[in-house]
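Here we start with a single chain on its own, the form predicted on its own, put down as C-alpha coordinates.
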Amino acid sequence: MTMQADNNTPAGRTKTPGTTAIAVQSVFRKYYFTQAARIEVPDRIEEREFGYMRFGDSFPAAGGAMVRHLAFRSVGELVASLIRDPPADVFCSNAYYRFPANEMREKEWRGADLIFDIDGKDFDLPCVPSHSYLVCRECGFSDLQENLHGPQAGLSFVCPSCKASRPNITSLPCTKCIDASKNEAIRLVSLLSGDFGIELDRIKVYFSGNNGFHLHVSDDSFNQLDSQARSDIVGYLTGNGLMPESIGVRKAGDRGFAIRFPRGGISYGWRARVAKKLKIDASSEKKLEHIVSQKGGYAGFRTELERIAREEGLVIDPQVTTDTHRVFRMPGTLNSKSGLAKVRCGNIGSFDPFTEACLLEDQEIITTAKADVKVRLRGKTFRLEVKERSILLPAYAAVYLACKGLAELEISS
(Lines give C-alpha, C1' and ligand atoms only; values in the text may rest on other atoms or scores of the structure.)
Protein backbone atom coordinates (compact mmCIF):
# COMPACT_ATOMS: atom_id res chain seq x y z
CA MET A 1 0.00 0.00 0.00
CA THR A 2 1.35 3.42 -0.93
CA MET A 3 0.34 6.44 1.14
CA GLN A 4 -0.09 9.66 -0.82
CA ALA A 5 0.69 13.15 0.44
CA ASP A 6 -2.05 15.38 1.83
CA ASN A 7 -1.43 19.07 1.17
CA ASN A 8 -4.12 20.24 3.59
CA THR A 9 -2.85 20.34 7.16
CA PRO A 10 -5.78 19.43 9.45
CA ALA A 11 -7.20 22.21 11.61
CA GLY A 12 -6.23 22.30 15.25
CA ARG A 13 -2.66 21.24 14.51
CA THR A 14 0.40 23.40 15.02
CA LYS A 15 4.10 22.82 14.62
CA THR A 16 6.52 24.46 17.00
CA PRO A 17 10.25 23.96 17.69
CA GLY A 18 10.81 20.66 19.45
CA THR A 19 7.47 19.12 18.56
CA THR A 20 9.12 16.16 16.86
CA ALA A 21 10.78 15.11 20.11
CA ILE A 22 7.55 15.64 22.03
CA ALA A 23 5.53 13.65 19.49
CA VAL A 24 7.96 10.72 19.49
CA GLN A 25 8.14 10.69 23.28
CA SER A 26 4.34 10.67 23.43
CA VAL A 27 4.17 7.62 21.15
CA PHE A 28 6.87 5.89 23.23
CA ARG A 29 4.86 6.58 26.42
CA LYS A 30 1.77 4.95 24.93
CA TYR A 31 3.83 1.93 23.88
CA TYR A 32 5.15 1.40 27.42
CA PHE A 33 1.66 1.90 28.84
CA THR A 34 -0.10 -0.56 26.52
CA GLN A 35 2.73 -2.98 25.67
CA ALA A 36 4.46 -3.38 29.03
CA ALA A 37 4.13 -7.16 28.77
CA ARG A 38 6.63 -7.11 25.90
CA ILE A 39 9.43 -5.95 28.21
CA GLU A 40 11.55 -8.98 29.05
CA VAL A 41 12.42 -9.16 32.75
CA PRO A 42 16.13 -9.98 33.19
CA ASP A 43 17.22 -12.70 35.58
CA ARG A 44 18.09 -11.33 39.03
CA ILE A 45 16.58 -7.94 38.19
CA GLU A 46 17.36 -6.55 41.64
CA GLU A 47 21.11 -7.04 40.97
CA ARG A 48 21.15 -5.21 37.64
CA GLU A 49 22.12 -1.63 36.89
CA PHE A 50 19.73 0.23 34.59
CA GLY A 51 20.26 3.32 32.48
CA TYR A 52 18.48 5.38 29.89
CA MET A 53 19.08 8.05 27.29
CA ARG A 54 16.94 11.18 27.49
CA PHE A 55 15.26 12.76 24.50
CA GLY A 56 17.13 15.78 23.15
CA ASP A 57 15.39 19.05 22.36
CA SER A 58 16.28 18.69 18.67
CA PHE A 59 15.61 14.96 18.41
CA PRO A 60 17.27 13.12 16.82
CA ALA A 61 20.02 15.57 15.76
CA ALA A 62 21.10 16.32 19.33
CA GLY A 63 21.03 13.39 21.73
CA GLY A 64 19.99 13.84 25.32
CA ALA A 65 21.89 13.01 28.49
CA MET A 66 22.76 9.47 29.55
CA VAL A 67 21.54 8.47 33.02
CA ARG A 68 23.10 5.44 34.73
CA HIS A 69 23.34 3.75 38.15
CA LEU A 70 19.60 3.13 38.48
CA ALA A 71 18.11 0.10 40.22
CA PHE A 72 14.64 -1.48 40.18
CA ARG A 73 13.28 -4.26 42.35
CA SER A 74 10.65 -5.35 39.84
CA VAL A 75 9.56 -4.84 36.26
CA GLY A 76 6.53 -2.97 37.64
CA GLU A 77 8.81 -0.29 39.09
CA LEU A 78 10.68 -0.08 35.80
CA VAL A 79 7.53 0.26 33.67
CA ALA A 80 6.13 2.94 35.97
CA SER A 81 9.34 4.92 35.45
CA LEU A 82 9.14 4.51 31.66
CA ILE A 83 5.55 5.75 31.56
CA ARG A 84 6.21 8.67 33.90
CA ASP A 85 9.20 10.00 31.92
CA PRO A 86 9.65 8.00 28.69
CA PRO A 87 13.32 7.81 27.67
CA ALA A 88 14.70 7.58 24.16
CA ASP A 89 16.51 4.32 24.98
CA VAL A 90 16.53 1.88 27.90
CA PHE A 91 19.55 -0.14 29.00
CA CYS A 92 20.22 -2.91 31.51
CA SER A 93 23.61 -4.18 32.66
CA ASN A 94 24.89 -7.57 31.62
CA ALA A 95 26.55 -7.61 35.07
CA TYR A 96 25.18 -8.54 38.48
CA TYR A 97 26.06 -6.30 41.43
CA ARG A 98 25.50 -6.35 45.15
CA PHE A 99 24.76 -2.62 45.08
CA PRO A 100 23.71 -1.80 41.48
CA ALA A 101 22.68 1.81 42.23
CA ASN A 102 26.10 2.77 43.66
CA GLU A 103 28.96 4.33 41.74
CA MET A 104 31.02 1.82 39.77
CA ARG A 105 33.78 1.36 42.35
CA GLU A 106 31.19 0.62 45.05
CA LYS A 107 28.88 -1.78 43.18
CA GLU A 108 30.65 -5.07 44.08
CA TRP A 109 30.64 -7.01 40.80
CA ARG A 110 29.22 -10.56 41.06
CA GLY A 111 29.46 -11.73 37.45
CA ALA A 112 28.08 -10.88 34.02
CA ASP A 113 26.22 -12.54 31.19
CA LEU A 114 28.18 -13.10 27.99
CA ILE A 115 26.80 -10.85 25.24
CA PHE A 116 27.53 -10.17 21.57
CA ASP A 117 26.59 -7.36 19.19
CA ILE A 118 26.36 -7.74 15.40
CA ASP A 119 25.83 -4.42 13.62
CA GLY A 120 24.91 -4.20 9.95
CA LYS A 121 27.05 -1.09 9.41
CA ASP A 122 30.21 -3.15 9.98
CA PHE A 123 29.74 -5.16 6.77
CA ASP A 124 30.41 -2.23 4.38
CA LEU A 125 27.81 -3.49 1.91
CA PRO A 126 27.74 -1.84 -1.54
CA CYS A 127 24.00 -1.13 -1.21
CA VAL A 128 24.43 1.22 1.77
CA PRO A 129 24.98 4.55 -0.11
CA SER A 130 21.75 3.99 -2.04
CA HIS A 131 19.67 4.06 1.17
CA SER A 132 21.78 6.27 3.45
CA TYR A 133 21.16 9.96 3.99
CA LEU A 134 23.35 12.86 5.10
CA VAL A 135 21.45 15.02 7.57
CA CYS A 136 22.78 18.47 8.48
CA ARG A 137 23.14 18.83 12.26
CA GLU A 138 22.42 22.56 12.09
CA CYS A 139 19.41 23.04 9.82
CA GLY A 140 18.18 19.50 9.19
CA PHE A 141 18.75 19.48 5.40
CA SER A 142 19.07 15.91 4.15
CA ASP A 143 19.66 14.03 0.93
CA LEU A 144 20.70 10.59 -0.22
CA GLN A 145 24.39 9.92 0.25
CA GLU A 146 24.79 8.76 -3.35
CA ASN A 147 23.29 12.07 -4.54
CA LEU A 148 26.03 13.92 -2.67
CA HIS A 149 29.03 12.52 -4.53
CA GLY A 150 29.17 8.93 -3.35
CA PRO A 151 30.11 7.03 -0.18
CA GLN A 152 32.78 9.55 0.90
CA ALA A 153 30.41 12.52 0.68
CA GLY A 154 30.28 12.89 4.46
CA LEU A 155 33.99 13.66 4.60
CA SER A 156 33.63 16.81 2.48
CA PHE A 157 30.01 17.68 3.13
CA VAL A 158 28.97 21.32 3.04
CA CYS A 159 25.25 21.83 3.61
CA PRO A 160 23.66 23.47 0.53
CA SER A 161 21.21 25.24 2.84
CA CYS A 162 23.27 26.62 5.75
CA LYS A 163 26.89 25.79 4.70
CA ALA A 164 27.53 23.78 7.88
CA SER A 165 29.70 20.66 7.81
CA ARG A 166 29.91 17.41 9.80
CA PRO A 167 26.50 15.87 9.03
CA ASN A 168 24.85 12.91 10.67
CA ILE A 169 24.64 9.83 8.46
CA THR A 170 21.47 7.81 8.79
CA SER A 171 20.56 4.61 6.98
CA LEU A 172 17.29 2.88 6.16
CA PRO A 173 18.50 -0.75 6.21
CA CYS A 174 17.36 -2.84 3.27
CA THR A 175 16.72 -6.57 3.10
CA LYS A 176 20.34 -7.22 2.07
CA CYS A 177 21.59 -5.38 5.17
CA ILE A 178 19.31 -7.35 7.48
CA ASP A 179 20.17 -10.64 5.79
CA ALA A 180 23.91 -10.02 6.25
CA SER A 181 23.39 -9.50 9.98
CA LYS A 182 21.03 -12.48 10.24
CA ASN A 183 23.54 -14.78 8.55
CA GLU A 184 26.27 -13.62 10.92
CA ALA A 185 24.01 -14.25 13.92
CA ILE A 186 23.30 -17.77 12.63
CA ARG A 187 27.04 -18.40 12.26
CA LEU A 188 27.69 -17.10 15.77
CA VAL A 189 25.06 -19.41 17.26
CA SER A 190 26.67 -22.31 15.41
CA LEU A 191 30.15 -21.51 16.74
CA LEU A 192 29.00 -20.95 20.30
CA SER A 193 27.15 -24.26 20.23
CA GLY A 194 29.62 -26.33 18.22
CA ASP A 195 32.99 -24.98 19.39
CA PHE A 196 32.14 -23.87 22.94
CA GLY A 197 29.51 -26.46 23.78
CA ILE A 198 26.89 -23.93 24.86
CA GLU A 199 23.40 -25.41 24.84
CA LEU A 200 21.11 -23.77 22.32
CA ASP A 201 18.47 -22.97 24.94
CA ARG A 202 21.11 -20.88 26.73
CA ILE A 203 21.57 -18.63 23.68
CA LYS A 204 18.96 -15.93 23.07
CA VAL A 205 18.97 -14.04 19.77
CA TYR A 206 17.40 -10.58 19.55
CA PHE A 207 16.89 -8.06 16.79
CA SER A 208 18.57 -4.89 18.09
CA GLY A 209 15.75 -2.57 17.02
CA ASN A 210 17.72 -0.95 14.20
CA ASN A 211 20.25 -2.73 11.98
CA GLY A 212 21.68 -5.71 13.79
CA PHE A 213 21.30 -8.53 16.27
CA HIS A 214 22.26 -9.15 19.89
CA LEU A 215 23.08 -12.51 21.42
CA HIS A 216 22.76 -13.12 25.16
CA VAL A 217 24.39 -16.22 26.66
CA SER A 218 22.94 -17.23 30.03
CA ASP A 219 25.35 -19.91 31.23
CA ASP A 220 26.94 -19.96 34.68
CA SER A 221 30.14 -21.37 33.15
CA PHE A 222 30.84 -17.97 31.56
CA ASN A 223 29.45 -15.53 34.14
CA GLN A 224 32.69 -15.16 36.11
CA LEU A 225 34.96 -14.55 33.12
CA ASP A 226 36.96 -11.32 33.31
CA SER A 227 37.54 -8.93 30.41
CA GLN A 228 40.69 -10.72 29.24
CA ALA A 229 38.96 -14.10 29.06
CA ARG A 230 36.09 -12.56 27.12
CA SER A 231 38.62 -10.93 24.81
CA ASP A 232 40.11 -14.37 24.18
CA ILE A 233 36.64 -15.60 23.16
CA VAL A 234 36.30 -12.68 20.75
CA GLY A 235 39.77 -13.43 19.36
CA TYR A 236 38.78 -17.03 18.70
CA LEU A 237 35.49 -16.12 17.03
CA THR A 238 37.10 -13.51 14.77
CA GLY A 239 40.16 -15.64 13.99
CA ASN A 240 42.49 -12.99 15.37
CA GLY A 241 46.02 -14.34 15.86
CA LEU A 242 45.47 -17.59 13.95
CA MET A 243 48.91 -19.21 13.65
CA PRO A 244 50.34 -21.78 11.19
CA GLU A 245 51.07 -24.11 14.12
CA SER A 246 47.34 -24.52 14.71
CA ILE A 247 47.05 -26.39 11.41
CA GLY A 248 50.35 -28.25 11.77
CA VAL A 249 52.87 -25.92 10.08
CA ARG A 250 55.90 -24.96 12.19
CA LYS A 251 59.28 -23.34 11.66
CA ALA A 252 61.96 -26.00 11.20
CA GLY A 253 64.60 -27.54 8.94
CA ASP A 254 66.42 -26.40 5.84
CA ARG A 255 63.18 -25.51 4.06
CA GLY A 256 62.17 -23.21 6.89
CA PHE A 257 59.09 -25.22 7.85
CA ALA A 258 57.87 -28.70 8.68
CA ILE A 259 54.46 -30.34 8.59
CA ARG A 260 53.05 -32.34 11.46
CA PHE A 261 49.31 -32.41 11.99
CA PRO A 262 48.11 -31.92 15.58
CA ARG A 263 47.39 -35.11 17.56
CA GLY A 264 43.79 -34.00 17.93
CA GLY A 265 43.38 -33.92 14.16
CA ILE A 266 42.00 -31.16 11.95
CA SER A 267 38.33 -32.03 11.95
CA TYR A 268 36.96 -29.41 14.37
CA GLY A 269 37.12 -25.69 15.17
CA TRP A 270 39.38 -23.42 13.20
CA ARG A 271 41.46 -26.38 12.04
CA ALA A 272 38.42 -27.75 10.24
CA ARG A 273 37.56 -24.36 8.72
CA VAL A 274 41.10 -23.86 7.44
CA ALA A 275 41.28 -27.45 6.15
CA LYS A 276 38.05 -26.94 4.24
CA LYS A 277 39.36 -23.75 2.63
CA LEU A 278 42.63 -25.48 1.68
CA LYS A 279 40.81 -28.66 0.59
CA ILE A 280 42.91 -30.94 2.76
CA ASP A 281 42.25 -33.65 5.36
CA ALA A 282 44.25 -35.63 7.90
CA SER A 283 45.95 -37.61 5.11
CA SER A 284 47.07 -34.51 3.18
CA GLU A 285 50.46 -33.69 4.72
CA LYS A 286 52.15 -33.74 1.31
CA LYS A 287 49.46 -31.53 -0.19
CA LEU A 288 49.79 -29.06 2.69
CA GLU A 289 53.55 -29.07 2.25
CA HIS A 290 53.06 -28.13 -1.39
CA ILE A 291 50.59 -25.37 -0.46
CA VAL A 292 52.99 -23.85 2.08
CA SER A 293 55.82 -23.91 -0.46
CA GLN A 294 53.60 -22.19 -3.03
CA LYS A 295 52.75 -19.46 -0.53
CA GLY A 296 56.43 -18.74 0.11
CA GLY A 297 57.10 -20.82 3.21
CA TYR A 298 56.11 -20.26 6.81
CA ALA A 299 55.75 -16.45 6.60
CA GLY A 300 53.77 -16.60 3.37
CA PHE A 301 51.47 -19.28 4.74
CA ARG A 302 50.86 -17.17 7.83
CA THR A 303 49.72 -14.33 5.56
CA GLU A 304 47.38 -16.80 3.83
CA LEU A 305 45.93 -17.81 7.21
CA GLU A 306 45.29 -14.16 8.04
CA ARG A 307 43.34 -13.84 4.80
CA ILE A 308 41.29 -16.96 5.62
CA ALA A 309 40.62 -15.60 9.11
CA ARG A 310 39.26 -12.37 7.63
CA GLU A 311 36.93 -14.37 5.40
CA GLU A 312 35.82 -16.96 7.95
CA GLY A 313 35.99 -14.94 11.18
CA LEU A 314 32.86 -13.36 12.63
CA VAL A 315 32.12 -9.65 12.46
CA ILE A 316 31.23 -8.69 16.04
CA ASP A 317 31.83 -5.63 18.22
CA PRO A 318 34.67 -6.67 20.57
CA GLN A 319 34.06 -3.89 23.09
CA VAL A 320 30.51 -5.06 23.79
CA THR A 321 31.66 -8.56 24.70
CA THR A 322 34.76 -7.64 26.71
CA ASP A 323 33.11 -4.90 28.81
CA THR A 324 31.91 -6.58 32.01
CA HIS A 325 30.17 -3.37 33.18
CA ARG A 326 28.28 -2.48 30.02
CA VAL A 327 24.64 -1.41 30.05
CA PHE A 328 22.99 -3.09 27.07
CA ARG A 329 19.72 -2.33 25.29
CA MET A 330 16.88 -4.00 27.17
CA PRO A 331 14.69 -6.55 25.34
CA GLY A 332 11.19 -5.31 24.61
CA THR A 333 12.15 -1.61 24.68
CA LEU A 334 12.19 0.84 21.78
CA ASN A 335 15.25 1.94 19.83
CA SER A 336 15.40 5.71 19.29
CA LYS A 337 17.32 5.20 16.04
CA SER A 338 14.24 3.65 14.44
CA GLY A 339 11.24 3.40 16.76
CA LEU A 340 11.42 -0.36 16.30
CA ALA A 341 11.63 -2.64 19.33
CA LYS A 342 14.40 -4.93 20.47
CA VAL A 343 12.62 -8.28 20.19
CA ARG A 344 13.58 -11.91 20.55
CA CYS A 345 13.80 -13.89 17.32
CA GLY A 346 11.94 -17.17 17.29
CA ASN A 347 13.11 -18.36 13.87
CA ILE A 348 15.91 -16.01 12.86
CA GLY A 349 15.97 -17.35 9.31
CA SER A 350 12.44 -16.12 8.60
CA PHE A 351 12.49 -13.16 10.98
CA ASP A 352 11.25 -9.88 9.41
CA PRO A 353 12.14 -6.89 11.62
CA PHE A 354 10.01 -4.48 9.57
CA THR A 355 6.94 -6.42 10.65
CA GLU A 356 7.80 -8.31 13.85
CA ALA A 357 9.66 -5.43 15.55
CA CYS A 358 7.37 -2.69 14.22
CA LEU A 359 5.06 -2.50 17.24
CA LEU A 360 3.91 1.11 17.51
CA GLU A 361 0.29 2.16 17.05
CA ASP A 362 -1.63 3.01 13.88
CA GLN A 363 -2.90 6.43 14.98
CA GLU A 364 -2.03 8.97 12.29
CA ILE A 365 0.47 11.78 12.78
CA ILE A 366 1.09 14.80 10.55
CA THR A 367 4.51 14.27 8.99
CA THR A 368 6.67 16.65 6.97
CA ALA A 369 9.42 15.13 4.85
CA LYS A 370 12.97 16.47 5.03
CA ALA A 371 14.02 14.37 2.03
CA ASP A 372 12.46 12.28 -0.71
CA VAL A 373 12.13 8.89 0.90
CA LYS A 374 10.41 5.53 0.50
CA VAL A 375 10.07 2.99 3.30
CA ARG A 376 8.22 -0.30 3.67
CA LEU A 377 6.84 -1.29 7.08
CA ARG A 378 4.24 -3.92 7.99
CA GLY A 379 3.85 -4.77 4.32
CA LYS A 380 2.90 -1.19 3.35
CA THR A 381 4.98 1.21 1.28
CA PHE A 382 5.13 4.88 2.28
CA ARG A 383 6.48 7.51 -0.10
CA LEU A 384 7.25 11.08 0.98
CA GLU A 385 8.52 13.95 -1.13
CA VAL A 386 10.16 17.02 0.31
CA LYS A 387 8.18 19.28 -2.05
CA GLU A 388 4.93 18.12 -0.44
CA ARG A 389 3.83 20.14 2.58
CA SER A 390 2.60 17.31 4.80
CA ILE A 391 1.35 13.76 4.87
CA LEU A 392 -0.72 11.71 7.30
CA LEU A 393 1.18 8.59 8.38
CA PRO A 394 0.46 5.91 10.98
CA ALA A 395 2.58 6.47 14.07
CA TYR A 396 4.86 3.49 13.41
CA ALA A 397 5.92 4.91 10.02
CA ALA A 398 6.03 8.57 11.13
CA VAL A 399 8.19 7.76 14.16
CA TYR A 400 10.50 5.54 12.09
CA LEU A 401 11.26 8.42 9.72
CA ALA A 402 11.53 10.96 12.54
CA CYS A 403 14.00 8.74 14.37
CA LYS A 404 16.04 8.60 11.18
CA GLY A 405 16.10 12.39 10.99
CA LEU A 406 14.18 12.37 7.71
CA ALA A 407 10.85 13.85 8.88
CA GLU A 408 9.35 16.29 11.35
CA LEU A 409 6.20 15.53 13.27
CA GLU A 410 3.35 17.80 14.41
CA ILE A 411 1.21 17.52 17.51
CA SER A 412 -2.20 18.77 18.52
CA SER A 413 -2.34 22.33 19.80
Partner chain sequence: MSIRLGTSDIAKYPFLREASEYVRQTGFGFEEFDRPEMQYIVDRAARRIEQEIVTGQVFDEFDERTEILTFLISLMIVKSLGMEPILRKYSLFESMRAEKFLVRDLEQLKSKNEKRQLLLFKIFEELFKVKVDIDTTDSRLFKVRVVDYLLRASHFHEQEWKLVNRLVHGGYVYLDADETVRLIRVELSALIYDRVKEMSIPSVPDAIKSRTENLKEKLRPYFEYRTYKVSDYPPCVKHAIEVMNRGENLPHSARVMLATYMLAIEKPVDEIIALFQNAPDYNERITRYQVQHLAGEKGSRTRYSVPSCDKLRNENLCFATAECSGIINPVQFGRRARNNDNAGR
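Numbering follows the first chain given and starts at 1. Bear in mind that the values here come from a model prediction, so they are computed numbers and not experimental data.
Here the subject shifts to the form predicted together with the partner chain, a form of this protein not shown in this document.
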Could you tell me if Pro160 has a non-hydrogen atom within 4.5 Å of the partner chain in the predicted complex? no
Can any non-hydrogen atom of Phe207 be found within 4.5 angstroms of the partner chain in the predicted complex? no
4.5 Å heavy atom contact, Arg271 to the partner chain in the predicted complex: yes
Residue-level contact is defined here as any heavy atom of the residue lying within 4.5 Å of the partner chain in the predicted complex; does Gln228 satisfy this criterion? yes
Considering non-hydrogen atoms and a 4.5 Å limit, which listed residue (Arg73, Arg84, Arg105, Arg263) is close to the partner chain in the predicted complex? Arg263
Name the residue from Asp195, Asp113, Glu312, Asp117 that puts a heavy atom within 4.5 Å of the partner chain in the predicted complex. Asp195
Within 4.5 Å of the partner chain in the predicted complex, counting heavy atoms only, one of 174-182, 236-244, 327-335, 161-169 shows up; tell me which. 236-244
